[in-house]
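Laid out below as structure tokens are two forms of one and the same protein chain, each shown alone and named structure 1 and structure 2.
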Structure 1
């Protein structure tokens, strides 16, 4: 018999353990409630006041000062997000694939370092960079293209890192099996590994969409603001967007401005939830 045999706990010891466990779980639950309550309260206020402000004119009329509709802001937000994804998705996904498949190369280390640095740069700094280089330097003025490229610079690191992690989650035996069948490395990566990592890649893209929809500071310096619908020009024409309405109109001492601000906030939340729901549905069907 071992000299270090453990003694079975006494009934009194078991009661103490249960008591400590119950206290711990109670404190944990209270902590979660304390953290979640401000968010829940904020969402409740936005939903309540946003629903009261919703009307058909929001989707058919453009902003007229501090009243009117939000058609120009809705249209501009969608165009900016789509434009940012057009630039960010190919660069981010390919960067993540390269870093995951050739992790020991010097260029991969440089890409990883730059991505980590860019995720820590404040968005207003990137906006000022876009203002200096594109709005002023290239002479584009406030425009859709300047805003979309600035948003793309913000979200490329997130797409690259999530793609890298998703690719690394696919075991090396899958790659070895593809090579054993005589497939080229490119075929293995894009036809075998990438489809297996698709859920993680799409998660990074959805994160990019959420960041793009919710940004204000970089767009103030690059996209500007317009009370009119988009005229089809990529440069020399500012565009509206929902976050500008939230940031600006909520500070106005008018009920019509507050209504537009809450309606815009509700639309931003609904847009993010809708994109996530569509993505999850597509992944489940796949």
Structure 2
């Protein structure tokens, strides 16, 4: 082994090796700082500028030109997230269960593989797909449904994979015990295994929520943008969302628009943090 060849018995050699080790530890500590510092600065900038723009009316009023509130964007973001989950949770969770429970089937292998690969598809490509097929092709125009389905396409693979992992964490003995009791396969999966894996499954769903809250590129050409609160229609009416405000309003020649952009950034960050915190609690309870 190469270690022995380089081993030097003299104290000088040992000192040099210790020094090398110290340099190594310093460098790795430095990498942590190098990455932590921008994050702290990012949070500080967003919180500082965002707080200055924050007011109660932000949550009650809709965007009025380049001022007003963000209620339409907050509501739209929530609606898009809920809309995406409506499609993504059943498909994602059930696919994940399928892949976990029939791991040896060739089709399950394909599903798992494609899901992994799909997490790598750039979100702007999905947005373009949504624009061509739903906004134009199906004539839905900029709409909640087009935005929500595009987001769902993005997060289904994540939910499927986390569900699979959570299901696999439940030992085989539990499944066998269920079968021994004469329970049907479906009962074992949905009444015995799934409840045990619930916190893992939920953390996957929370990850999907965090992703949906923060996305911009797939929504610009599917959800559009609206200055108003949702009018209840799924198609033919655009919806607002927070990330649009960040992206568009920072490009306006008015200070009030910039303030809204930073306020929206603060809200997005706060939402993501909240979701992260919920996920951690979920996982710790397990």
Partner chain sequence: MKFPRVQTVLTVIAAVIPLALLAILLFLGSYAWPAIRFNGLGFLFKLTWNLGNLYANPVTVAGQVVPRGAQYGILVFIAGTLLSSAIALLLAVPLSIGIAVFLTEAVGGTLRELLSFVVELLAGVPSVVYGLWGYAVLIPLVAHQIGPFLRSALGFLPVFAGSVGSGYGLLTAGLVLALMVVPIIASTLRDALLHVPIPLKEGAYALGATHHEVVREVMLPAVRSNLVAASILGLGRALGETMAVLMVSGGALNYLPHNIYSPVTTMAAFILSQLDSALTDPTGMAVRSLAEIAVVLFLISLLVNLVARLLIWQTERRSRVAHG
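Numbering follows the first chain given and starts at 1. As the structure is a prediction and not an experimental result, all values here were calculated from the model. Take the two forms, find the largest set of C-alpha atoms that superpose within 1.5 Å, and that set is the rigid core.
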* Asked: Between the first and the second structure, which is the form predicted in complex with the partner chain?
  -> 2
* Once you line up the core, how about residue 38: does its CA shift reach 2 Å between structure 1 and structure 2? -> no
* Asked: So if we fit the rigid core, how much does the CA of residue 17 shift between structure 1 and structure 2, in Å?
  -> 8.5
